[in-house]
Ligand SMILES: NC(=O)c1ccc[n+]([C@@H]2O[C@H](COP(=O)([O-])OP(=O)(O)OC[C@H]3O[C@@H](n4cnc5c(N)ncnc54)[C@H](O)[C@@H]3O)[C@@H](O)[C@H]2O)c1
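What follows is one chain in C-alpha cells, specifically the form predicted alone.
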Amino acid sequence: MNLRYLSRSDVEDLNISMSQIISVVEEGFRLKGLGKVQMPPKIAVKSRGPESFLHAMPAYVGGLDIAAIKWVGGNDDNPDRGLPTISGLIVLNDPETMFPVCVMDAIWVTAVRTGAANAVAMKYLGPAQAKTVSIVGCGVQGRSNLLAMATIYPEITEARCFDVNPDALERFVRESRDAYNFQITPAASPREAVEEADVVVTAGPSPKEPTPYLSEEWLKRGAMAAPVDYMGAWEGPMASSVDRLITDDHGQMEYYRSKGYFRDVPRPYADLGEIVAGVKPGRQNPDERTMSILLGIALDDAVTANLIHQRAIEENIGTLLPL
C-alpha cells in the first residue's frame, strides 16, 4: 500500500520525448472517438478573484485501463511572486482496487500534453507539409507547441514569432535559436507573423472578454489555425470562415460557452477523437483552411501521466510513500 511520488524534477529527468507523448495522446483520442473514454467536463471552483482558478479533471481511458485526475490551479499574478502561473498534481489510481498508485507534479505534463494534442490535430487537419510556422504568444505554451510542430513537421525552415511583451519575444527567440536548426524570426507585428504561415498557433492569455488583434484575412488558403488561447487573439469571424472547425470535446466547449466564452464560435463539426478514430473526416483537400480549438482535457493528462508512471517504475525514479 505504497504510492510513488514524482516531483517536477523527477518527471523532467525521465527525458520522455515529444514524439512519445504525441503517440500516446493520439491513441487516447482514438479510444475517445470509439466511445471508450469517460471524461466529464472540468469541475471548477473559485477561491479568489477572476485572475485565479482551480479545476478538477478526472478521466478513465478504457482500452488502456487508465484512471486519473488532475487538480490544477492557476493565478495570473503568480509570476510577480516568482511562481509559475500554473501548478497542479496528477493522481493515478489502480483501475481495479481504486487505490492511488502515483502522485506527480503536473506543471511539465500540462505544458507538453497541450502541444502534443495540437500536433495530433495538425496530423489530421493540418497541411501535409509546413515549411513556415507561426507562434503568437511566446510563453510556456508557445515553447511546447513549437517543439510539437518541429516534431511532426521536420521540413520546417522558418518559425515566425510574436509577443506583445518585447522581453518575452527576445527570450523566446534566443532560446529557440539554440534549440532548433531552422530560422527563428521575430516578427515586428502580428500580421507579419501570421501571413504566409502554414500553421499558426496562438498561445497568449485566454480572457473571457478578449481584445482580438488577428484578422481572418491573414490566414492563407491551405493553412491551419490552432488557438490555445480560447480564441483570445483571432477576430470573431475567424471560426465561421474556416472550412473545417474541430474541438477536443464538445461537452467541455459547451461548458465554457455557459461561462461566456466562444460566443461567436459555431458548433464544431467534429471532435478530434472522432477524426482520429475515422468516424468523421479530417482535411479533405490542400486548399482548406482549418482550425482546431483544443481546450486541454483530462484525457491528455491521463495518458501522459501513465506513460511517465510506467517509465518511472522501469527506471526506479521517485519516492515511495506509505498510504
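Numbering starts at 1 and runs along the sequence shown. In this text, all values refer to a predicted model and were calculated from it rather than measured experimentally.
There is another form of this protein, the form predicted together with the ligand, and it is not shown here; the text below is about that form.
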Close approach of Gly137 to the ligand in the predicted bound form, 4.5 Å, heavy atom: yes
4.5 angstroms heavy atom contact with the ligand in the predicted bound form for Gly204: yes
The ligand contact in the predicted bound form: Asn93, any heavy atom under 4.5 Å: no
Contact flag, Thr247 vs the ligand in the predicted bound form, heavy atom cut 4.5 Å: no
Partner-proximal stretch of 216-224, 112-120, 191-199, 93-101 relative to the ligand in the predicted bound form, 4.5 angstroms, heavy atom: 112-120
Full three-residue contact with the ligand in the predicted bound form, heavy atom 4.5 Å, for Asn165, Ala168 and Leu294: yes
Heavy atom within 4.5 Å of the ligand in the predicted bound form - residue from Thr185, Thr85, Thr151, Ser241: Thr85
Contacting member of Gln252, Gln141, Ser176, Thr132, with respect to the ligand in the predicted bound form [4.5 Å, heavy atom]: Gln141
Within 4.5 Å of the ligand in the predicted bound form: residues from 218-249 (heavy atom criterion): Val228, Asp229, Tyr230
